[in-house]
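What follows is one chain in structure tokens, specifically the form predicted alone.
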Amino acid sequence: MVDAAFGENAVPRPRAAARRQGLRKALRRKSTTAFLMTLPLILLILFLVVYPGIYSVHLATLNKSMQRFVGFGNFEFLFKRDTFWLVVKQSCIFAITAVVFKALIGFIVAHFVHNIPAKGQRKWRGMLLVPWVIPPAMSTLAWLWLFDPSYSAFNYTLASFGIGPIPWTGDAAWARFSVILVNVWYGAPFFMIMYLASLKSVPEQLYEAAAIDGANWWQRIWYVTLPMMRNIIAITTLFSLIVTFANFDIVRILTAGGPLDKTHIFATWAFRVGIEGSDIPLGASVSLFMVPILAVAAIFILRDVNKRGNES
């Protein structure tokens, strides 16, 4: 009886030891350690991104009083409004135009800084990053003073050249130009610093080989610089496109969507109908419409990045 009892109790001990040993091996794996170290960030993203996203989808299916399920009723209502399609067009124009100019200016300035001697680069990088470091709300308030219809510094300067006052925020075309200008001024330094880091990773031997082959300045950029930077350009463009589509403070402070809703984008119009109009489900529906547009852009850009990665 005693031997049988000891025999039965002796079986679980090797199993428990094996489990402890397996746990130790798992904890020693780099992948497990990396997962445990990133777990707080994963939980934070789930709490701050995934949960609000799911809740927004839930809100978009409710009526104005948020007491009755209406399904796609809010989207059907939006599709019948001319203002909504105006906002879609303006958001696309605003985001695409701003990102193109930010990428172009960032690329040019990055080459300018890259060709400066190493001792002077730190000073230039610090000065050129100032627009990106300043909080957008504060810098936009300064731009609002520059665009002021009565005391505009721009109009004062233009008047000395005999050019009449420009309604920067009073005319639809100039208002669109103004919000795009401020967004480009704010976001171009981000492209500059990303492109500058990418330029420093391009081997100098490639430029020397191209120069020996007789390539001029433009050919070196087209056949050496751009192919080596294509992935960074694509990822930076995608990130900036997402941020620019979701921009709120610049348009809100400069024009508040005016004149006559001609500068509204998704974020500001969602605030107008959702918060100011007391129709939160409709505002959630407007904001969710950005998702398919950005998803299509992300699919095309990331597919191109993966394709080039597989080729290399």
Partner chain sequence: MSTLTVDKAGPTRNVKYGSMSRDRAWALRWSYFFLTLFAIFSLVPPFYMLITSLKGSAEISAATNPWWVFHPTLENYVGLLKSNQFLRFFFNSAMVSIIVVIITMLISIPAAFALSRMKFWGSATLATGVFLTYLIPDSLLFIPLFKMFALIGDVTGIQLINRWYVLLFIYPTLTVPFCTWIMIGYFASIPKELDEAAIIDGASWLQTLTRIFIPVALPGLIAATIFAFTVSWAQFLYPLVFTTSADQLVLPVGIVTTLIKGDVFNWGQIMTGALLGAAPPLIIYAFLMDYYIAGLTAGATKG
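Superpose the two forms; the largest set of C-alphas matching within 1.5 Å is the rigid core. Note that the structure is a prediction, hence the values are computed from the model and not measured. Residue numbers count along the first chain shown, from 1.
Separately, the form predicted together with the partner chain exists; it is not shown, and the next lines address it.
Asks: Is there a non-hydrogen atom of residue 194 within 4.5 angstroms of a non-hydrogen atom of the partner chain in the model of the complex?
Replies: Judged by the heavy-atom cut-off of 4.5 Å, residue 194 is in contact with the partner chain in the model of the complex.
Asks: Taking heavy atoms and a 4.5 Å cut-off, does residue 225 contact the partner chain in the model of the complex?
Replies: Contact with the partner chain, no.
Asks: Should residue 230 be counted as a contact of the partner chain in the model of the complex, where contact means heavy atoms within 4.5 Å?
Replies: No, no contact at 4.5 Å.
Asks: Going by a heavy atom distance of 4.5 Å, is residue 301 a contact of the partner chain in the model of the complex?
Replies: Residue 301 belongs to the contact set for the partner chain.
Asks: Counting non-hydrogen atoms within 4.5 angstroms of the partner chain in the model of the complex, say which of 157, 201, 216, 205 makes the cut.
Replies: Contact with the partner chain in the model of the complex is made by 157 alone.
Asks: For the three residues 34, 113 and 139, which mark the spot I'm curious about, does each lie within 4.5 Å of the partner chain in the model of the complex through at least one heavy atom?
Replies: Result yes, every residue of the spot touches the partner chain.
Asks: When the partner chain is placed as it is in the model of the complex, which of 73-81, 167-175, 88-96, 185-193 ends up with heavy atoms within 4.5 Å of it?
Replies: One stretch meets the cut-off, namely 185-193.
Asks: Which residues from 226-264 come close to the partner chain in the model of the complex, meaning a heavy atom within 4.5 Å?
Replies: Residues within 4.5 Å: 232, 235, 239, 242, 246, 248, 249, 252, 253.
Asks: Please determine whether the C-alpha atom of residue 294 is displaced by 2 Å or more between the shown form and the other one following superposition on the rigid core.
Replies: Result for residue 294: yes, a 2 Å-plus shift.
Asks: Classify residue 39 as shifted (yes) or not shifted (no) between the shown form and the other one, where shifted means its C-alpha moves by 2 Å or more with the rigid core superposed.
Replies: Result for residue 39: yes, a 2 Å-plus shift.
Asks: Against the rigid core, is the Cα displacement of residue 48 between the shown form and the other one at least 2 Å?
Replies: Yes; that C-alpha moves by at least 2 Å between the shown form and the other one.
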